[in-house]
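Below you'll find only one chain, the form predicted alone, shown as structure tokens.
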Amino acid sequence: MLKIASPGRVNLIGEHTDYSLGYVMPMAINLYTFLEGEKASLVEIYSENLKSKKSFYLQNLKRENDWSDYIKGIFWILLKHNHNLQGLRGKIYGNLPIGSGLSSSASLELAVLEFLNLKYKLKLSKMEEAILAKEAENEFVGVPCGVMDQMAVTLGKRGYAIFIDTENLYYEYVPFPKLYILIFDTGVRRELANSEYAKRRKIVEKTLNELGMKSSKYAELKNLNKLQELQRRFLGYIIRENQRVVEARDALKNENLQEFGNIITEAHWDLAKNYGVSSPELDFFVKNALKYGALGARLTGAGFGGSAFAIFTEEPSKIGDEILKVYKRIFPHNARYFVVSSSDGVRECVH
């Protein structure tokens, strides 16, 4: 029996920049998807969190528009790349919340991929795993995500965030100090996220194309003058956000924690005002976290619900309780919070 631990991730800074091949800085966190299983001739998998069992043969990989698509996608992409493998029989469980902007889909994909990599001796590197999982999500599941989530899940390193240039996949580890991260899951499922995400991606890609640029890293504020209002607003945000990722990386390297906090808070209000992906629930958390002494706070993930996070120098569970209490009086959602720290990437659990 092989057991895999696959972390979630919090994106510290660099939101909606990866699909325009800009900069991002995520961090793997100690909330996990676990996969326990063994080789089999078909795929039989039970999700404890969803109380749902799926089974299928590798000869019949069809999309069903449910959680099993992420698993089928991994088999599909490996077979497409001519890897020799069979099925697995196992169960999935864990404490990483599903659909709350902490990359549960990439975590699930990589749990399956790492299992198959080890069991069937595929000899894939962590970077190869990340790229294959992204291809599976794009081509099989049909989600037009960038590669950030998969890289965070595979390359995670305890005590570090990862600065990534998503154009050339250059990455570097940035020491992350002993801060406490309070993640607040608003309980709002991101129904809007996929359609609104696709709309923004389309506008940004079209704009860069008109400017003759492959990556948003090369765009400057002076390029905005000739654009239409919505293009100007969206690309303007992305240009500023790319700059913030570099500044946030340098602030962490120089251990300038207050500056780092200021940068992520500024990013939240830019996302809210100019990119239009926040919500009253996310804004409520950011305002209240700052009121209780957070160094900085912002939404993480695509927005429109899901999660936000705040960073503190002291253990913030009491603050989490307090914010949750007031939040539940105002909003009718099943919210919760987690205090998390950095984690290593996807790996076998060795007892």
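Numbers for residues come from their place in the sequence shown, where the first is 1. Here the structure is a predicted model, which is why all the values come from computation and not from measurement.
Same protein, other form: the form predicted in complex with ligand GLA, not shown, and the subject of what follows.
- With the partner omitted from this view, the residue of Gly301, Gly296, Pro26, Gly305 that lies near ligand GLA in the model of the complex is Gly301 [heavy atom within 4.5 Å].
- When ligand GLA is considered in the model of the complex, Tyr197 lines it closely, a heavy atom lying within 4.5 Å.
- Contact check for Ile264: no non-hydrogen atom falls within 4.5 Å of ligand GLA in the model of the complex.
- With a 4.5 Å cutoff on heavy atoms, Met148 counts as touching ligand GLA in the model of the complex.
- Ligand GLA in the model of the complex is not approached by Gly22, whose heavy atoms all lie more than 4.5 angstroms from it.
- Comment: 138-146 is the region of 242-250, 138-146, 114-122, 219-227 lying near ligand GLA in the model of the complex, near meaning a non-hydrogen atom within 4.5 Å.
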